[in-house]
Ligand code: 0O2
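Presented below, as structure tokens, is a lone chain in the form predicted on its own.
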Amino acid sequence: MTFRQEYANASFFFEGLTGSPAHEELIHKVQDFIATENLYLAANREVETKLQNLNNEFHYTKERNPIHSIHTRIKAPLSIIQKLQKRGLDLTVQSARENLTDIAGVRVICSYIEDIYLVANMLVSQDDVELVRTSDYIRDPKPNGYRSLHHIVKIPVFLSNRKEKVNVEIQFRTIAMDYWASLEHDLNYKLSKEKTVSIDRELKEVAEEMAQIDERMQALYNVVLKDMDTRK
């Protein structure tokens, strides 16, 4: 669902924001962010198409799919404004584009750890993809146990009268990493202040156990691949 579809009912989206010049200004700023949705949606489509092409190539040439699934999202206008406010930045579209790298996001789910690096490297090796920054939380997990490979890339979007380079955040995970991250996020939301040190410790232990499962599944898959190569 796009910004325009999600917030078509303006009375719902702006409920509680009207009634003062400051609130009217905020409404106009949100509308400006909504007007830029096409640019970020197009960037996500470009990345998704590139990834699907790579996956299809592997399907036809190597009889396997390194990508299990692809998910895209665009950060909501109000979330963008709140993030800019939190950082003390100007509440403008230009400020958001210059300072935020996660307005457009793509999550790539792979079956195996090695496929994460394979797909990520193939993507950024394309000559129209500019790698801005990498954060490898697989080799260096976050303190809470979170694992994922993050790439910030710039993708060209061709419009009717110009070309724009747009930031997209791409997260590469295994199925197990994504399962843990989704449930950890859900638990954090539901527990809020009730979350305890023991729960944090338990979540981290679960993340470590799932990482070990990922490694075991990779090892098993490597045995299968070796056996298949032997039989050729």
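Quick note: we count residues from 1 along the sequence shown, nothing fancier. Keep in mind that what you see is a predicted model, and the values were worked out from it rather than measured.
Another form, the form predicted in complex with the ligand, is not on view; read the next lines as being about it.
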* To do: Evaluate residue 111 for contact with the ligand in the model of the complex, applying a 4.5 angstroms cut-off between non-hydrogen atoms, and reply yes or no.
  => no
* **Contact label in the model of the complex: residue 101 to the ligand, heavy atom within 4.5 Å** => yes
* Would residue 137 show up as a contact with the ligand in the model of the complex if we use heavy atoms at 4.5 Å? -> yes
* Taking the shortest heavy atom distance, is residue 71 within 4.5 Å of the ligand in the model of the complex? -> no
* in the model of the complex, do 50, 62 and 214 all put a heavy atom within 4.5 Å of the ligand? -> no
* Given that the partner is absent here, state which listed stretch (88-96, 158-166, 115-123, 129-137) has heavy atoms within 4.5 Å of the ligand in the model of the complex. => 129-137
* To do: Only one of 203, 181, 175, 54 comes within 4.5 Å of the ligand in the model of the complex by heavy atoms, so just point that one out.
  => 181
* Along 138-169, which positions have a non-hydrogen atom within 4.5 Å of the ligand in the model of the complex? -> 142, 144, 146, 150, 169
